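Given next, in structure tokens, is a single chain: the form predicted on its own.
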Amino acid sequence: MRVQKVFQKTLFGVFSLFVLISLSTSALCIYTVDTHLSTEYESNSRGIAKTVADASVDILLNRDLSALQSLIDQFIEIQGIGYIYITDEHGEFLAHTFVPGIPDQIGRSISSSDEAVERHIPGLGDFVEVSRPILAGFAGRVHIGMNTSLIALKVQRAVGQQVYLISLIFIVGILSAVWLVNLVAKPLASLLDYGARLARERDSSAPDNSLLARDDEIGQLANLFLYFSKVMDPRKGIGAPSSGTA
């Protein structure tokens, strides 16, 4: 399907517009889903940390560390939770879910703040860690790491589904644009051919009625071409009127 040169820039503009819409929509989707999931996961982690902290009070008072370990093992099965560990008021580990042992990144920088902390643990991935004090910190703290790779996976799925839809719209839109442009380009090509035929043959005795009968700009130009072909007819003299004069 050949596209006239005059419309090639138009199609390029339509193509660029579709690409811009696709990129901006995808970027907005990624930002929205990532922000929403990160906020939701962090909120859930803080809620779980509070639950564990409240349930740990009696266990810590009784110094029943096996029960404490059993408690946090129940919560590690929740989707998005990467690890849980509990420290005492001095920062010593009382229980944890790390296998086979505590990573160096955790041991070197135990957070004592309520603010979320981003961590990268080699072999495990990226996490956002939240913590909750037990008895206002006098009995230690509960720390929960949220696995951000799960968020990235969900973002990829959401964007992947969107890409399928955008690709379908893109293909249909481009084909529709080409078809609509050719609706205009086809009569324009016929007009160009008609004008060239008039100029070449100098013969207006057999006009193209399909073009002359049109009531749009193509028809007006066709009639204008026919008029000038009569006025410029060399058999009557250039610029001479079509009828004789005294």
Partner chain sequence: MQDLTRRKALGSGLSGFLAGPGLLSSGALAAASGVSGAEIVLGVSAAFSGPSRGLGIELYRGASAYLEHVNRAGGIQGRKVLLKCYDDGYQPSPSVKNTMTLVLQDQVFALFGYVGTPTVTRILPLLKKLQEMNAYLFFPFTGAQPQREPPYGDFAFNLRASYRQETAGLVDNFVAIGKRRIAVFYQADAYGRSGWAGVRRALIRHGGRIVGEATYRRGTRFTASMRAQVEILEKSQPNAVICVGSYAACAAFLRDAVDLGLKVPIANLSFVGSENLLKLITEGTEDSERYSSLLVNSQVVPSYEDTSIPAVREYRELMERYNPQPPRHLLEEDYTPFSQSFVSLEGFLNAKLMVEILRRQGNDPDRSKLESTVFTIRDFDLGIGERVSFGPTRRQGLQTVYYTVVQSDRFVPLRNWEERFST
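Just so it is clear, the model here is predicted, and its values are computed rather than measured. Numbering follows the first chain given and starts at 1.
Heads up, the form predicted in complex with the partner chain isn't pictured, but that's what we're talking about next.
Put simply, of Ser176, Ser112, Gln74, Ser109 only one has a heavy atom within 4.5 Å of the partner chain in the model of the complex, and it is Gln74. Contact annotation: of the candidates Ile102, Ile121, Leu135, Val163, the single residue with a non-hydrogen atom within 4.5 angstroms of the partner chain in the model of the complex is Ile102. Interface residue remark: Lys186 is not counted as part of the site for the partner chain in the model of the complex, having no heavy atom within 4.5 Å. When the partner chain is considered in the model of the complex, Ser66 lines it closely, a heavy atom lying within 4.5 Å. Contact check for Asp88: a non-hydrogen atom falls within 4.5 Å of the partner chain in the model of the complex. Contact annotation for Ser70: at least one heavy atom lies within 4.5 Å of the partner chain in the model of the complex. Contact with the partner chain in the model of the complex, defined as any heavy atom within 4.5 Å, is confined among 127-135, 167-175, 140-148, 93-101 to 93-101.
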